[in-house]
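Just one chain follows, in the form predicted on its own, and it is written as structure tokens.
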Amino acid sequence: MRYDTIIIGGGLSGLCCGISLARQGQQVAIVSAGQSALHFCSGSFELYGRCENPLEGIASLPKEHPYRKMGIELTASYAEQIKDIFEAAAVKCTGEATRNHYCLTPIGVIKPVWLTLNDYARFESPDRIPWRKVALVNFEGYLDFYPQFIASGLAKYGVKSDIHSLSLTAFDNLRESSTEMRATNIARIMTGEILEQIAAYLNSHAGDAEALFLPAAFGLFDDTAVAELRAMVSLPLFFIPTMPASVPGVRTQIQLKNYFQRIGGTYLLGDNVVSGEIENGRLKSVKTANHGNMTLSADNFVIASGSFFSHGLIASQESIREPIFGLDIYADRVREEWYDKDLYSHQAYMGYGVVTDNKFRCSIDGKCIENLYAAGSILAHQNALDEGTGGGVAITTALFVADEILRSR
């Protein structure tokens, strides 16, 4: 099978790149193993979390950083372009690249972010939370939501919380096993009469609260359940991320995947690229686990397979490697340099990844592979945890690579 571009990795970066290319008329295939980091997403995306204006902060990053390779102007442009892609895919979010806003994490920490799905509470500053009292409502038996932590976090900013536990007979089967009482399973039954029961409970137990908060367990495939429940309650209703799996993250991946397929993309789910044929400095084709000896060929390829979490990078006792092609990697050679025993100190391995040129083209033994690009968290010289750049790097580098591929034609 032949395509214009084949993308390895079907998470946020791979999908954004694939959508951008498919919108320009390319025949694109994405090979996706399945679960991606989006399944662990809180419902917000960070661009740069160390200062109020992300674009100003980017200027202070090292020149090897993916943002600096693209340049601030292009980074800002792609941060704006993604809104059009998200809107077309029905991913409804709010935010600006020139100013971070703030959201609650699953453990009640208030953190700066760039884009947030419209399900969630967001505010311009922790010092300007618009409510003095809220009601936190959990479902009886649901263990991945921590109202006490959230109440403690809000209390630091002068917000009082009433905590409620809602019991629904519809959850009886799920409650028989803690492994079944998960946000994604709860979200599947959040329709019709159950939403009406939840709304009745919220309206009768709100007391003097100014806003209502529930765990983000609504709207697995779209935001219909969110809109319906909000229409039935008398107070502003917001959702707070839970521990994984993340309903908003899964929903975002489904919506992006569905949009990619609607505009002509091919999404090969549950497959892995295992090898590739390189000839005269170009990648000619790849083989996947499911297609056996049948090769997938293309003019261009993108590796967006992620970092250690999704096995885009593999660490052994001796080395760190990219497992498909053996791409050049930036990493310290001595294992003891990879990490600090103090968990809260800087961890060097977080910045390891694939080495690329200024067009994000990969290399093997120092020789550029002219038509193989890298995007997202597999790229070296970024540290999403320290910098608050994870979603931003995934999105902007994906769009940059898509443009480079289009220019190369």
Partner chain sequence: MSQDKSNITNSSFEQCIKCTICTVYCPVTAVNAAYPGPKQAGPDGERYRLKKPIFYDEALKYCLNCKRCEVVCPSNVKIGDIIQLARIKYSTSSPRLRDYILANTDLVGSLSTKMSKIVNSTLKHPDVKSILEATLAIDSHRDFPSYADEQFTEWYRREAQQEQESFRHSVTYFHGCYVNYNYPQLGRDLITLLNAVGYGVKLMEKERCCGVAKISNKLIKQATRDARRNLAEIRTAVARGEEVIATSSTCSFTMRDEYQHILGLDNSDVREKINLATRFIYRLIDSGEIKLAFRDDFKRRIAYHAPCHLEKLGWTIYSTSLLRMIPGLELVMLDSQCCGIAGTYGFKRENYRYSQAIGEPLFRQIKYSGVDAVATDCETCKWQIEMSAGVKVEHPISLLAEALDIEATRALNGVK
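Positions refer to the first chain, counted from 1. These numbers come from a predicted model, not from an experiment.
This next part talks about the form predicted together with its partner chain, which is not shown.
Distance criterion of 4.5 Å from any heavy atom to its partner chain in the predicted bound form singles out Ala245 from the list Ile163, Ala88, Ala245, Ala227. Residue in contact with its partner chain in the predicted bound form (any heavy atom within 4.5 Å), chosen from Ser77, Thr184, Gln148, Thr105: Thr184. Here the chain stands by itself, but in the predicted bound form one stretch of 286-294, 127-135, 233-241, 95-103, 286-294, has heavy atoms within 4.5 Å of its partner chain. Contact between Leu406 and its partner chain in the predicted bound form is not found at the 4.5 Å heavy atom cutoff. Taking non-hydrogen atoms only, Met70 never approaches its partner chain to within 4.5 angstroms in the predicted bound form. For the chain shown alone, Arg50 is not a contact residue for its partner chain in the predicted bound form, no non-hydrogen atom being within 4.5 angstroms. Residue contact with its partner chain in the predicted bound form: Lys156 places no heavy atom within 4.5 Å of it. Shown without its partner, the chain has Met1, Tyr3 in segment 1-19 as residues with a non-hydrogen atom within 4.5 angstroms of its partner chain in the predicted bound form.
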